[in-house]
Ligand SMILES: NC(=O)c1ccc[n+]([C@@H]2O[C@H](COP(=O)([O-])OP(=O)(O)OC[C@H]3O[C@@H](n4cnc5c(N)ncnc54)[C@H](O)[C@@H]3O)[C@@H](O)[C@H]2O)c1
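Starting off, we have a lone chain in the form predicted on its own, written out as structure tokens.
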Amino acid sequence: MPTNRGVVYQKPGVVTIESIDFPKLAIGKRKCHHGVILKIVSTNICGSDQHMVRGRTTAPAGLVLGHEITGEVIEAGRDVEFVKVGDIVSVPFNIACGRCRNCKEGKTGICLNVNPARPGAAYGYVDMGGWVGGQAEYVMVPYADFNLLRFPDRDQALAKIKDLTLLSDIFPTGYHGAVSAGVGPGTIVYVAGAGPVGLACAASCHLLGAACVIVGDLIPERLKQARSFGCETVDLRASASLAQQIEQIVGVPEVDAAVDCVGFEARGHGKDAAVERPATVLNSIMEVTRAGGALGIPGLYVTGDPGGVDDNAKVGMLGIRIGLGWAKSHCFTTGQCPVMRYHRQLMQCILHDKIQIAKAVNVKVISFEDSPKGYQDFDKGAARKFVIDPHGMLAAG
């Protein structure tokens, strides 16, 4: 009988590697003829995973983590027509049926058929449909013909796998944040947060032709990483306000577009940098975005946060200055990135050397056994994107 292992959330601050069931082409008691089984080539630790591991969601003990998946097809259901055994594929983190109204409108982040609790599903994530996560050696992926992005050449894919592994989530998510904020040629843009999604967003802003990309964070190492590929930076620990620091860079205290790549665990700025202030980023980007500008909000906000700073925060009710956004006619875009809207085009940018996204987010490949340590290092604010290599395929390459 084939074996499988997964990275499992046990309790706040604790993940372990455990033996888990080998995947079957089944959803519950039903056969999943439209699915495939993947041998995981690479699977990444995401900031969204870290929210769960910190105990900041209602995630249950025993959850197999991981929604950023790249794999090799080793078995395909009878109804899979266009994906073949041996293909190397990228798996969008949001699971979509391809049949419902939202999927047909390209809103694959809020598919209506893959989560009985609410629209939208993801692998290995709390309240997202109960799908087994991909920080494992093998995983089952449903609706394979619709969901999977097949890489056109196996050898080319493995040669660029550290870049291509980012197509499952953070590259499209960062790009979506930039696009939804209206970033284009000549734009002055502020990106809040220099974690992996923020760095991917900043790199995407350059790809979209932004004239100046300003990245803000509290961690000097992450700001250094943003500067490594041409970003301006603001240190949010400084006494000078965000607007003042932006004015020092571009001459005026405002930007054309802003992107929140932080989410609900935001901290205050300046003297409040050590204090959690969940609405800080949303309010600050409204302050510095020009009238008529747009705000992209790919940063995660949740409806259940046991560690919230007050009763409102625990259910996702934040003190947002909506009157300011209304007065400035701001446009807000929130929610999961619909990965399939962008991943094919971004794959081509990688394959044709238009972007070095792995270098921008500082990918570090780790072994499967080192996954728990990867979580610990990431939680300390490491300026890296940790990519897990379950079968040694990246190390061999």
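Small disclaimer: the values here were computed from a predicted structure and weren't measured. All residue numbers are counted from 1 along the displayed sequence.
Although it is not shown, the form predicted together with the ligand is what the next lines describe.
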Closest heavy atom of I219 to the ligand in the predicted bound form, within 4.5 Å or not?
yes
Hey, in the predicted bound form, is C337 touching the ligand, heavy atoms inside 4.5 Å?
yes
Decide whether G124 counts as a contact residue for the ligand in the predicted bound form under a heavy atom distance cut-off of 4.5 Å.
no
So, R290 and the ligand: in the predicted bound form, are they within 4.5 Å at any heavy atom pair?
no
In the predicted bound form, the one of V197, L164, A144, V139 near the ligand [non-hydrogen atom within 4.5 angstroms]
V197
Pick from A203, V281, V183, L295: which has a non-hydrogen atom within 4.5 Å of the ligand in the predicted bound form?
V281
Looking at heavy atoms inside 4.5 Å, which stretch does the ligand contact in the predicted bound form, given the options 115 to 123, 258 to 266, 74 to 82, 310 to 318?
258 to 266
Residues I20, D87 and G134 are flagged as a possible site; in the predicted bound form, is every one of them within 4.5 Å of the ligand by some non-hydrogen atom?
no
Taking the ligand as it sits in the predicted bound form, which residues of 294 to 309 have a non-hydrogen atom within 4.5 Å of it? Please list them.
P298, G299, L300
